[in-house]
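Just one chain is shown here, as structure tokens, and it is the form predicted alone.
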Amino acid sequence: MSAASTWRQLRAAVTERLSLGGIDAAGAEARWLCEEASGYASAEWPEVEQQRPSDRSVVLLDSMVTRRLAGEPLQYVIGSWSFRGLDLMVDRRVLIPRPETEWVVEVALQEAVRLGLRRGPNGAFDASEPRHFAADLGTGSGAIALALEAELPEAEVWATDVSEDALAVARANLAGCVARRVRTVQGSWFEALPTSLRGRLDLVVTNPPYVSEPEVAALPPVVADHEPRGALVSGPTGLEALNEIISTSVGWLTGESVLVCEIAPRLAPDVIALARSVGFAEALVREDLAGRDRVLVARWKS
């Protein structure tokens, strides 16, 4: 990348390079990359534009642009992404947090309030005697667990993942967000949880793999070639992980609790039928903000 006298000129050069490389949102991505390379936050950028970038910053930026043009997701190139106001570290060990999952969390929080959990900012909490328990199964980056902790001040959240690599990212995010009420544990879905939680979970939230093996070929290369396959692909039908979670959830729930799952729209009839078959009193699917069936809400009563 050629030298530029100011960050503004460098950003223009990056925009052109990304645009010529086929990046649709070249201008926005150029700014994100320049902000990351400069070390300045977005709010500081107007004061930085006229400054001269250091040689080190130019080299770093050139490397980042090269990675992006090679097809690596912007979020991995930058190394972080926002999720419901949380700044999370992300890399190839975990899925990139998406708006659809933000909506899953919102639905889960609405269900928590319906069950009587208090929603609001973090406050005083006696960690030895939590009033409620929640679980984020297949936590990945820890996005769901951290979002639940941030808005359910009386709940202890357990985050599970079968991947130790993913849990390393989640734990780094827990430390960065100073999470005090999230516990991480390695293992598959409910099997990872301590038996002391059986029959005590008020809220279970999960974004499991739900892509079928035949659908992999249709995924964009930026997804298929970079994001962890195990977190994307469930099996031949796409229902495998959801089937296991729904079928094994019953013994972990309280007298009145809820299971909230992110799903592929085509799976909506199947997951509703499955939830009802294992004894959930109510099972419905909520649409996402684009009007697609996206969130299974299964309500348990005993």
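So that there is no doubt, residue numbering starts at 1 and follows the sequence shown. All figures in this text were calculated on a predicted structure; none of them were measured in a lab.
Keep in mind that the form predicted in complex with a small molecule is missing from the display, and what follows is about it.
Q: Verify the contact flag for residue 108: yes if a non-hydrogen atom of it lies within 4.5 Å of a non-hydrogen atom of the small molecule in the predicted complex, no if not.
A: No - in the predicted complex, heavy atoms of residue 108 and the small molecule never come within 4.5 Å of each other.
Q: I'd like to know whether residue 152 contacts the small molecule in the predicted complex, with contact meaning heavy atoms within 4.5 angstroms.
A: Contact check for residue 152: no, nothing within 4.5 Å of the small molecule in the predicted complex.
Q: May I ask you to state whether residue 75 is within 4.5 Å of the small molecule in the predicted complex, using heavy atom distances?
A: The answer is no: residue 75 has no heavy atom within 4.5 Å of the small molecule.
Q: Can you tell me if residue 146 lies within 4.5 angstroms of the small molecule in the predicted complex, counting non-hydrogen atoms only?
A: The answer is no: residue 146 has no heavy atom within 4.5 Å of the small molecule.
Q: Choose one stretch from 215-223, 170-178, 186-194, 109-117: the one whose residues place a heavy atom within 4.5 angstroms of the small molecule in the predicted complex.
A: Residues of 186-194 come within 4.5 Å of the partner.
Q: Looking at 166, 86, 182, 201, which is the one with a non-hydrogen atom within 4.5 Å of the small molecule in the predicted complex?
A: Selected residue: 166.
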